[in-house]
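One chain is shown next in structure tokens, namely the form predicted on its own.
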Amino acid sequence: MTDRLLATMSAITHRYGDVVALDGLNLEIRTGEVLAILGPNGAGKTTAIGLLLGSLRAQQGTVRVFGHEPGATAVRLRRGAMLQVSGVPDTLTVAENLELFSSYYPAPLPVLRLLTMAGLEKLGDRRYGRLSGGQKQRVMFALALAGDPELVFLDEPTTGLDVEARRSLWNEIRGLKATGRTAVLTTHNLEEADALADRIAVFHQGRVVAEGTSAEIKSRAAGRRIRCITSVNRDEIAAMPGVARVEVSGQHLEVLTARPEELLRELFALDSELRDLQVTGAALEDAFLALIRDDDQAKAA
């Protein structure tokens, strides 16, 4: 598998004063995959991306991208990045900004192609400073792809986009993989990670606490999700054996349980008029929360 590695982080520890941002972290990025990095705020995601981009230097451990130091020119010409901060000139049009950024690369994608990929075909002549937040987000995506990168980092790429624009951008991200490119996605949108990622790495307190496909991560949350409308009190359900979590969603209760059959028997015995019942597998959100909770409990023990 090592011949497929594009980037590696090995035994990385990074501190900000007394705060440990990364704690002996190991991570691999492989050719032709979409890797989603998930984690609560403060988990170390931003620091890890900064190290991979070369904007930070590793204090302990080794980071390699395409076999080089992350900040090397040979690396910068082969990767792109869509970050939450931007220095895009407000007075230039969208097309002018794309032409400017493309001029930095030896073999950039055509501007028309970039406009199409980002859903900006009708906005090429509009000044960047006059765009909405969602439109600016799409420009940032196009700029990240200007150099036709082999590896692209996407930080919260669909923030501020409506449903249609989000789905369109998802298709373009899938298209990156289809052409052999690699994408590293950091997102708080678990639906997005579930839809796009070939592999997921869950960060917590500076370490990778779980890694694998979405299905493999979901398997870490044992049980089923039950959704129904019932007169049974939420607190009463929460106290039943095997119940991990109970949430209210409008008229519905959503219950994560390791004993679905037993719980359903009890619910029907208490509420013969229970209705609108759905039973599904655990969602990625369930597994994510379970992993964070289990890691916290293990450290507290």
Partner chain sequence: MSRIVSTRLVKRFGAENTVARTLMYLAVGFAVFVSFLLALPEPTPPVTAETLENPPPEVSFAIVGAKVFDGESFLPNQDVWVENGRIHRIGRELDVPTDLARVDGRGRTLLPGLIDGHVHTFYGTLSDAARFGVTTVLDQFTDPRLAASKRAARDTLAPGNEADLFSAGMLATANGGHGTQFGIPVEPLSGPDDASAWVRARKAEGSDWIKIIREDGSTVGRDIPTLDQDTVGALIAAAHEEDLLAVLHVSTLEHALEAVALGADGFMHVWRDAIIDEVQAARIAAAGVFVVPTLSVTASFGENSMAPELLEAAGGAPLSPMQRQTLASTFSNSSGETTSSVALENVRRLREAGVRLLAGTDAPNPGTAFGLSMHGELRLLQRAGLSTAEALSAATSTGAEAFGIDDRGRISEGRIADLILVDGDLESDLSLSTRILAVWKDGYPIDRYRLDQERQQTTPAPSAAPETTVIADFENGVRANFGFGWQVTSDQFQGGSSTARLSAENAVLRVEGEVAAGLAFSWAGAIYFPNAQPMQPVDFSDRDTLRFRARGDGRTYHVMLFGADAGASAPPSVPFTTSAQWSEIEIPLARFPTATPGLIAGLAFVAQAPPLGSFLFEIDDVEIR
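Numbering follows the first chain given and starts at 1. Keep in mind that this is a model prediction, so the values were computed, not measured.
The discussion below concerns the form predicted together with its partner chain, not included here.
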item	value
Check all three, 228, 276 and 279, heavy atom within 4.5 Å of its partner chain in the model of the complex	no
Its partner chain: the contacting residue among 99, 198, 191, 162 in the model of the complex [heavy atom, 4.5 Å]	99
The single option of 109, 208, 131, 115 touching its partner chain in the model of the complex, heavy atom within 4.5 Å	115
Non-hydrogen atom contact residue 216 with its partner chain in the model of the complex at 4.5 angstroms	no
Interface membership of residue 95, its partner chain in the model of the complex, 4.5 Å heavy atom rule	yes
Which of 121-129, 180-188, 208-216, 163-171 sits within 4.5 Å of its partner chain in the model of the complex, heavy atom basis	121-129
Partner contacts for 186-211, taking its partner chain in the model of the complex and a 4.5 Å heavy atom cut-off	none
